[in-house]
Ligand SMILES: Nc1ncnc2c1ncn2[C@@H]1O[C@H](COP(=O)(O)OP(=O)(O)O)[C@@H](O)[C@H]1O
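As a starting point, one isolated chain is supplied in structure tokens, in the form predicted alone.
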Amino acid sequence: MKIFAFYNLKGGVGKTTTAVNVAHVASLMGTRCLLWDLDPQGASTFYFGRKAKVKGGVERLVAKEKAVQKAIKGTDYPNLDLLPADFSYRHFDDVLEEFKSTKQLGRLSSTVKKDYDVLFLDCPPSLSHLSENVMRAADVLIMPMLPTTLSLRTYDQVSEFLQDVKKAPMLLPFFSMVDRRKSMHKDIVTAFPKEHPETLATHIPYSSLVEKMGLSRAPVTDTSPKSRMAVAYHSLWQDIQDAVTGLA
């Protein structure tokens, strides 16, 4: 089972919408997928139309051996299950701290490895004990970025932090919410990959369809499968697969 974490220190960069849509695309390809919503806001949980409730909260989820399997919910899509978040996840850091380890999330993830081909982690925007666990558990860190100066600065911060992580995940940045009418956007998406060849080629365009996800509570790749945005998510998942080919 490969573990892909959608992560950025900065919020509002399209992390959750990417996680939801890419997970749906992967499931359409026949991949057995589990999306774990790690954000106490529960946005991924909301988008899939599920209740943001985990029995016993994060304390039970982390402490009980089979709690992860029992917390998993189905979605409306074959091959795609959801491990929902609830507001107790705001204590995730405190609960993990009790284990004095950055490997606990990896141990929890291993309990479902026989049931799924891919585990997607939708991570909250922070640098914390939870994110350290994510970086130890994940095979690949997928980092959505806006084509702005602050996003580039955040990328440098994450890259620098990963240098101190033993067996750090592969870092794959890509640009989201790209508006090619803006000269800064065009300049950055052209210049950045020249210095960072690990950058994924696909750009996710800015679109009002993201806002409509909150009304439909479904991925764009389901509700508007022929849209420019849906096509981009299919392309992004292919880019990710190509980048990790041969990854042990």
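Heads up: residue numbers just count along the shown sequence, starting at 1. All figures in this text were calculated on a predicted structure; none of them were measured in a lab.
The form predicted in complex with the ligand exists for this protein as well; it is not shown, and the discussion that follows is about that form.
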> Applying a 4.5 Å heavy atom distance criterion, does Ser207 contact the ligand in the predicted complex?
Replying inline: yes
> Could you tell me if Tyr47 has a non-hydrogen atom within 4.5 Å of the ligand in the predicted complex?
Replying inline: yes
> Can any non-hydrogen atom of His24 be found within 4.5 angstroms of the ligand in the predicted complex?
Replying inline: no
> With the partner left out of view, is Pro225 within 4.5 angstroms of the ligand in the predicted complex by any non-hydrogen atom?
Replying inline: no
> Thinking of Gly11, Thr17 and Met229 as the candidate spot, does the ligand come within 4.5 Å of a heavy atom on all of them in the predicted complex?
Replying inline: yes
> Which residues from 151 to 180 come close to the ligand in the predicted complex, meaning a heavy atom within 4.5 Å?
Replying inline: Met177
